[in-house]
Each structure stands twice: as structure tokens, then as C-alpha cells.
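Just the one chain here, laid out as C-alpha cells, in the form predicted alone.
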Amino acid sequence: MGDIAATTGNAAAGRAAGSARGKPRDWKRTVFIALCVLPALGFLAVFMYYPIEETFRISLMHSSGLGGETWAGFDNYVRLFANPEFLAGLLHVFSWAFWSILIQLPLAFLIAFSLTFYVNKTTGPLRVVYYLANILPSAITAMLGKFVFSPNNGILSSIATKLHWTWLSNIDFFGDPKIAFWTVFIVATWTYTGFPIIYLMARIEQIPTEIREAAELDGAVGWRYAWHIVLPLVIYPMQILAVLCTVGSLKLFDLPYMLTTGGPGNATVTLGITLYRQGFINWQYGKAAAIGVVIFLLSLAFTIAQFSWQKREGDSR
């Protein structure tokens, strides 16, 4: 019994000593991890969290950005929702998001499936062509859009004139309030569809060949295979792209501004253009910050709602 007690005591003492020896190592590991994480946290704090907090603060002030600030409370928000330009921009970004999901995503799926399923010598060059517009600077894209749709010497107008289609040659694509939005949207569709195409192609290529072979044995070939097999397997990536389309629509600025500067009137104005006008033309920093807060909250709300819905759908399955 004495030997057993001695052995047990020695084991306990050994564990205690090992624990004591392990504490410095754990402390050093914690310090090392903290030192690795602190630069990233500092970067986020300076370039993300502080600007967000400052935007919320300025949105509650009357500020020109040059002088002092006075407390405004929610007056900037109240005035925003009474501003026709802001309401037009809000309507346009929601319309843009709706039509992007309804047109751009199905178009991207069709092209991605075609380039993946029907592989030939033109597949590689076509992948480059479809993605090229996505990597071009917005200024070049806007110049190309004006080169095509300009009412005086644009490609479309010149072709219509040679064919004596006066109904088409006389259309002012960027100056007519009824069609200016759709003209900008067509240019944007050519520009922004490249990323969904490449993204969906990558996901479609990950589908095992066994599934395709089994589908062919069951008679699901061509577009039947696309509709009944491929589309259900890429529905989650399509939902992610829908979130990106919605958030991107809320932040839309560069392409509409360079094509039409938001005109004619407010026909193509967006929240980004309204923010720019309020902040850098009218010097109303409080109102501009309030628009930024609205964009941030709407983006956050749509993202949370979308992923919550996806989670509930996944749990139900």
C-alpha cells in the first residue's frame, strides 16, 4: 500500500510539474497568436470600423466638411426621404437589383452551362471574351457604351441610318428618360455578367462525371440535364450571386455616372450618385453620410435575410 501511495503521489507531482512547465508555453503561444492577429485587427479598426462609426456620427450632424458641426439628430434622414432625387435613386437600385437577378443570372447560367457542356475549340477564347468586360476599367466600358449607343455617330445609329431605319437612328438612348435606364442596364449587363459566368463555370465543372453519365443513361441530355441536374446543384451559388447583385446594385455609382451622370433628370440616378452630389457638389456631408448609412443598413439587411433564409432551407432539408 505504501508503494502504491508513493507511486500515486509521484504521478500527481509529475502532472503538477508538467502543468506548471506547460503554463509558460501556453502563455507564449497566446502572446504569439495575439501578435499575429493584432495587425489585422488594427487594419480593420482603422480602415473599416472607424469609418463606419464616423459615418454614423456625421449622419447625425449638420456638416459641410470644412467648418464646424451642429447636432441634427435624425433631421438628415427625414429630409432624405422627402428628397425626390434620393427616392428616385432608391427606386432605381431596387429595380436594378430585381432585373439583374431576373436577367443577368439566368443569362450567366445559360452561357456557363454552354461553355462547360459543349466544349470545342472556341470554348477557351469565348471564356476570355465573356470575362474581358468584367476586368475592363469602368471608364473604358462607359466609352464603349457611348460608342455603341451615341445618337449622332454611334455604331447602332450609323447602322440604322445605312439601313434607312429612321425610327432607330432617331432614338436618343441616353437622352430619353424612358429608355436611358435600360440603355445603361444593357451596358452593365455586358460588363457585370462575366464574373457570374466564370463563377458558375467553376461550380459546374466540379459536378462529378458519374452524375452526368447516369443522367445520360436516364435520357437527361442537353438542356434537360441543365434544368433537372445542373441547376439544382448550383442553386446555392446562384443565391450567393443574387446577394452580390443586390449589394452591388445598392453601391452602384461609376458606370451610370460616366454614361449619364444620373440624367436626364433623375432617370438613371442611383444612391451612389446622390451621395456624391450631396457630399462633393452640395457640400452636405451630413446628408451624404446619411445616404451611406442607408446603403450600409440595406446591404446588411439583405445579406442577413438571404443567408438566414438559406440556413432555414438547409435545416429543413
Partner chain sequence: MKKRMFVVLVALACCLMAALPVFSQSKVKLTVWGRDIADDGADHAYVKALITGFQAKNPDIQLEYIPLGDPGLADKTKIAMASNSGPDIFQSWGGSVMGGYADAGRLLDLTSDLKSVPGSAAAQGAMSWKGKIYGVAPFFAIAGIFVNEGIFKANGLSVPTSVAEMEKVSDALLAKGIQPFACGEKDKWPALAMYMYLTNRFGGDAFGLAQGRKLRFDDASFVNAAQKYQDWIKKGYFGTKPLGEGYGDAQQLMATGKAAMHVTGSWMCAQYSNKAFTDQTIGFYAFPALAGGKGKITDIMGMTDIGFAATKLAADKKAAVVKFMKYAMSTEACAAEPGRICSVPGVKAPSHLTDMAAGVFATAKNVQFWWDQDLPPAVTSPLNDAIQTFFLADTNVKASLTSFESLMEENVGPAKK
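The structure presented is a predicted model; accordingly, all values stated were derived computationally and were not measured. Positions refer to the first chain, counted from 1.
The next section is about a form of this same protein that is not shown, the form predicted in complex with the partner chain.
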| property | result |
| --- | --- |
| Option touching the partner chain, based on a heavy atom within 4.5 Å in the predicted bound form, out of 125, 208, 73, 177 | 177 |
| Listed residue (116, 189, 134, 169) with a non-hydrogen atom within 4.5 angstroms of the partner chain in the predicted bound form | 169 |
| Partner proximity in the predicted bound form: residue 284 to the partner chain, non-hydrogen atom cutoff 4.5 Å | yes |
| Partner proximity in the predicted bound form: residue 152 to the partner chain, non-hydrogen atom cutoff 4.5 Å | yes |
| Partner contact for residue 248 in the predicted bound form: the partner chain, 4.5 angstroms, heavy atom | no |
| The partner chain contact at residue 39 in the predicted bound form, heavy atom, 4.5 Å | no |
| Candidate spot 66, 259 and 279, all three touching the partner chain in the predicted bound form (heavy atom, 4.5 Å) | yes |
| Partner-facing stretch of 181-189, 143-151, 208-216, 227-235, counted where any non-hydrogen atom is within 4.5 angstroms of the partner chain in the predicted bound form | 143-151 |
